[in-house]
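One chain comes next, on its own, written as structure tokens: the form predicted alone.
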Amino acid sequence: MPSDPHPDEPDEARSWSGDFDPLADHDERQVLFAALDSFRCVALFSVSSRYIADPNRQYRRTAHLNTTHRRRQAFYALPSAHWQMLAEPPFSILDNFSRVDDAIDVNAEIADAILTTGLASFGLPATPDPADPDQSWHGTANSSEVNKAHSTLRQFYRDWSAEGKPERDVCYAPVLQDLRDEFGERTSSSEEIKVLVPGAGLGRLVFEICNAGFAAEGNEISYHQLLASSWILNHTTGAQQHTLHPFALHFSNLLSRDQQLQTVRIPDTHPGTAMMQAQGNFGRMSMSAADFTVLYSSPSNEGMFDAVATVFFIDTAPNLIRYIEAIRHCLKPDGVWINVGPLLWHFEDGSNASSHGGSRETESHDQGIGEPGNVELTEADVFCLVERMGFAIEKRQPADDRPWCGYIQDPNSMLQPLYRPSHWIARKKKNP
């Protein structure tokens, strides 16, 4: 992902992952196509487009259908006197369904923008030839992929709205301060400090690290996140140009309907403007699209980075040892690993289990996150493992001192699932 906020070169997509072309690999191409199609589904299923003739009419079974149409059916199933009472002011339930439909339309405009720039990046047609497997991306997204697209849109609240700043302050500000404390004198002498951000998501932390004068490389395996981050970083035209209803699909734990339909404007900071205002002090920015453990365990990445910053990332590992091996491999001797995040192990349900049972015959570093097996560790386990594998932990924030934060959390909701993220710094030993 280039630093230029308005790249015109046709192979922008290849800059995400070096020489790797996802369109050249059948399986990777299908994953990309499903991500693109999921944003198409979100855009196509909006209320304003549901009457447009389209050969893929089954797409109407998403946002407006699953959110408001289903609720209208349930509402009309109430006793007649009851639903008629609730349809009148001050309740106006039916009117609210219409307002939610309008909010879905507004969010769909962002999905459509992400799709448009994504197709252009990969040189794909908006109306592909269904007989051509190299371009036939329509109809490839399942309901899980569409849900990921909706979740990605909501994540703009956390990463690119003014209202999401309290969440970012808990998670990103400590990383930026740690980098300044560690490398401040070296950056002031114009030395390039290279920072790797695995699980970069929508790119806000990468952007902030570059804005602080460091060179940052983000890594992300999700095409949903990559497509959305490319749009917000490279293709938006100014601050607060786009409206988002982050909680429009939430119907529980509400104080009022206005709360459900609240809006935010994105991006709160325009990346292109910030780059120009930095006047040469904006660090070099790049993004890779690849499995973290595979790419950063490769010989080409050995000892390449001064720092690795993992934020809400290490618990995505089915096997944390693989992550630690990759971080140790790509860090320079004496390099620092900064971590902020919880331990909500993503594979606790065993969803990556293998029928081979993790036998020795199936073991391979090239499998990356798809490697069979998983294990959940405590924080004490993590500290012990990090130190056993060639790091010295130099800073640990005491549990009682850790601030609370949500994750894409409506601060006015009656339900407040909150984290107290662990914050620590480990240094790679020169001679482990």
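Please read these numbers as outputs of a predicted model, since none were measured by experiment. Heads up: residue numbers just count along the shown sequence, starting at 1.
Although not depicted, the form predicted in complex with a further copy of the same chain is the subject of the following passage.
**Q** Please tell me which of Asp112, Glu325, Glu145, Asp291 lies within 4.5 Å of a further copy of the same chain in the predicted complex, judged by heavy atoms.
**A** After the contact test, the surviving option is Glu325.
**Q** Please identify the residue among Arg284, Arg265, Arg180, Arg71 with any heavy atom within 4.5 Å of a further copy of the same chain in the predicted complex.
**A** Residue within 4.5 Å of the partner: Arg71.
**Q** Can you pick the stretch from 189-197, 339-347, 164-172, 219-227 whose heavy atoms fall within 4.5 Å of a further copy of the same chain in the predicted complex?
**A** Contact criterion met by 339-347 only.
**Q** Arg154 versus a further copy of the same chain, in the predicted complex: is there a non-hydrogen atom within 4.5 Å?
**A** Arg154: no, not in contact with a further copy of the same chain in the predicted complex.
**Q** Quick one: does Ala131 come within 4.5 Å of a further copy of the same chain in the predicted complex, counting heavy atoms only?
**A** Residue-level check for Ala131: no, no contact with a further copy of the same chain.
**Q** If we define contact as a non-hydrogen atom of the residue within 4.5 angstroms of the partner, is Arg388 a contact of a further copy of the same chain in the predicted complex?
**A** Yes, Arg388 is a contact residue.
**Q** When the contact criterion is heavy atoms within 4.5 Å, does Met276 count as touching a further copy of the same chain in the predicted complex?
**A** Looking in the predicted complex, residue contacts with a further copy of the same chain do not include Met276, since no heavy atom lies within 4.5 Å.
**Q** Run the contact test on Asn253, Glu379 and Ala399 with a 4.5 Å heavy atom cut-off to a further copy of the same chain in the predicted complex and return yes or no.
**A** Answer is yes for this spot.
**Q** Residue by residue through 389-425, which ones have a non-hydrogen atom no more than 4.5 angstroms from a further copy of the same chain in the predicted complex?
**A** The stretch 389-425, when checked against a further copy of the same chain in the predicted complex, contributes Ala399, Arg402, Trp404, Met414, Leu415, Gln416, Pro417, Leu418, Tyr419, Arg420, Ser422 at the 4.5 Å heavy-atom cut-off.
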